[in-house]
Each structure stands twice: as C-alpha cells, then as structure tokens.
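Next up: just one chain, as structure tokens, the form predicted alone.
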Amino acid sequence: MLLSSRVKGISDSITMKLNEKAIQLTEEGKVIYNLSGGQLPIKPTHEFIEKIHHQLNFLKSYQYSPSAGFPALRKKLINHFVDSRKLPSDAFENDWDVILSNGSKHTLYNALGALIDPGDEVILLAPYWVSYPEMIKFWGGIPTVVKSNVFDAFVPAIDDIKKAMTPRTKAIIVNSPNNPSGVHYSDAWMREFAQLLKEFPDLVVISDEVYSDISYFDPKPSYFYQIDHSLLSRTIIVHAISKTLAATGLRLGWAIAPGSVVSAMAKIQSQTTSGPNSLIQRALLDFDFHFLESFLTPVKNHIRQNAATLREKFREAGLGHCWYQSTSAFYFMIDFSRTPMFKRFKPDQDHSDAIADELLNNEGITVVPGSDFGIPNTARISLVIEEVPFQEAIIKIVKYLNKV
C-alpha cells in the first residue's frame, strides 16, 4: 500500500522504542538497567486514586466530555495556574481559556496545528524534546535549531536565539525545566528572553512546563510572563498530570492560551480524538492540588540523591569536567566527546546511536542517544530508578567512559 509522503518523513519516538526494548529484554530474563524512562516508577498520590475510584459510580464518567474538556475543570486549571505562578488575578483577559487533551504531546500537536502554515519556521532550543521537530514537520513547518553545550549546562544563549530569527519565524518552543538536560532556565535568562520578545512582537511562545513542579534545587523555575504579564497574550502554556502526578498512562494534558487559539485547537481535536478521558477529568476536578507538595517531596529528594550519586561517581572517576549540576525534571545529559572512550571515534561525526548500542549490548544499560535531542555525541539518562540499581548503573557507565 502506498503511504503518504507526510508519514514517510516522520521518525519513530526513540524514547518510546527504547523503553519498550528495555521492558522486553527484562521479560526475557536479562539484567537491564533502564535509564531511558521518562516516568516515575510509582503510583499517583493516594488522594487522586481515591478520586478516580469515587468517579467510577457516575454515568458522566463514561460519556463524552466537551471537545475542549469540562468547563469547570478548565476554570479550575486557570485558577491554579494563576495561584501557582503568583500572577495577579487580572493577568488574564476575558478571552483566555483552557483546552484539555490526551496528554501534553497531543496538546503540543494541536497547538502547532493551530499556528503553523507550510514554510513557517519554529525555533527549537537544543537539547529539545524528541517529538518537537517531528510535529513541526508534520504540519509543514521548518524547525530552526539553536544549539547549546555542556559548558553552559545546556542553556542556550539569548543572542543565538536572536540570530536565528527570520521573517518566516512564527513561534519558539521553550521547555523549562528541560527534557533532556534536567535544568531549568534561570530568572536572569527569563528576563533577557522577555526583553527579546519585545523586539519581536509577532513571535508566539509555546511554554512547555510539564516538569515545572519537579525542581529539586533552589531557586525554583520562573517564567518570562511573570516578569512582563503582557507577554501572556502571545503565549501558550502546556502542562499535564503525567509527571506531576506520576500518571503518564492516564493521558491528560492541557494548554492555557488566548481564546482564539483554544478555539482553533478545539476544532482540530473535535475532528480527530474528540474530548479527553472523562473519568480522569472528573477525578481531577475533585482533586485538591495542595496534596501535590507532600506527594512530590520524597520524589524530589530521591532524584536529588541520585543526582548526587552521579556527581560523586563522575568525580571519583576523574570525569568531573563532564558533569554539570542538574536541577529539575528527571534527567542528565552525558557528553561522550570529552571522555577517554571517545578517542576511538571520529570527532567530526555523531556516534550517539553506536555508543548507546554498546552500552545496552555490553553493559545492559539503556540510554537515549543525544542525536534525537539535537546534541550529537551525548546521551540522556534518567534519574528516577531506585538508588541501589542507579548506583550500580553509574559505576558501569563511568568504567565504560574511561576505557580507551
């Protein structure tokens, strides 16, 4: 059967493929350290599970919701956003709204569909989440990549973003806290970014904040629109329950945006998936967001401890120059190019895939090649697995990195 040129140009999600491969190898009885996962290996908070149980008794939990989600939940999410970001109550104009979708990935796909015409350029800050460029290309857009490096803890320079701007630039995606680097951009960076946006008044910002609740070093994440509230008028904020509530499989995400954008996204959604999961929406409507702090405190302590283990093992192995301080989300990026192991590779080529294969086949460790995040000769590792196997995996990795 002849497939469309559109689908032929899309790559599979490498993170999903690797996670599936790790599960398969584990089921075959092999000892695998899965450092590719982007989800917490725990259940959601008990209070949220109880809300789901309670909603099982109601007919509406099994029926269609409106395409954009239940109005009461949409209003609750705006109020929670205003409160959590410490915004004034009048920060949003009357035409602001929320659309709920089947996870943040679906939300981003709809947002880009509402914005992008063929040939429009969208700026991505590398390292970027693997699905961004594929979504942009699917809608006919052109990804424009702004690079960063380990010396700057993978934080892109504002001047480089400005240089990437062209008359065709329609939008920029800012992902802070960042997947895959595990850092969030500083308040100083956000202030510079807010100034940059004033120079380009037509630029739309998609602010992917899925990990905003998971930061384990102060200061906590801040955002450009907190500095200048007027910037909200051209910002689409993306969030989800997937990371914050350890509920990746329940597939509920949302966008907060001007009403015209939400209406456009709802048109796309109404003709593709219709409204998202009614049961989970109704459970979230009854859920008290104040439970999140107590639920996430041990999670953040655990990630901080694994980050400390990573630092210690790198320094003990003489690899301190390859380390930077991760501060948020679940991840850390290893730069292979500055390790003894890399001497057997040609420095002017990307060997991320080959190195990831070696780590899996020889050491039983799954990592995600950095080429899929826009940073060659690197890999993303996840910090969420239990402390003892994580330490064992890092010991294996540093030995591998030091082999000439």
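All residue numbers are counted from 1 along the displayed sequence. Keep in mind that what you see is a predicted model, and the values were worked out from it rather than measured.
There is another form of the same protein, the form predicted in complex with a small molecule; it is not shown, and what comes next is about it.
- A single residue from the set 281, 328, 104, 110 has any heavy atom within 4.5 angstroms of the small molecule in the predicted bound form; that residue is 104.
- Proximity to the small molecule in the predicted bound form, defined as a heavy atom within 4.5 Å, singles out one entry of 212, 179, 306, 269, which is 179.
- In the predicted bound form, the small molecule sits within 4.5 Å of a heavy atom of residue 243.
- Under a 4.5 angstroms non-hydrogen atom cutoff, the small molecule in the predicted bound form lacks residue 154 among its neighbouring residues.
- Interface membership of residue 97, defined by any non-hydrogen atom within 4.5 Å of the small molecule in the predicted bound form, is ruled out.
- At a distance threshold of 4.5 angstroms between non-hydrogen atoms, residue 251 is in contact with the small molecule in the predicted bound form.
- Within 4.5 Å of the small molecule in the predicted bound form, a heavy atom is found for all three of 129, 132 and 208.
- Exactly one of the stretches 72-80, 234-242, 189-197, 318-326 approaches the small molecule in the predicted bound form with heavy atoms within 4.5 Å, and it is 234-242.
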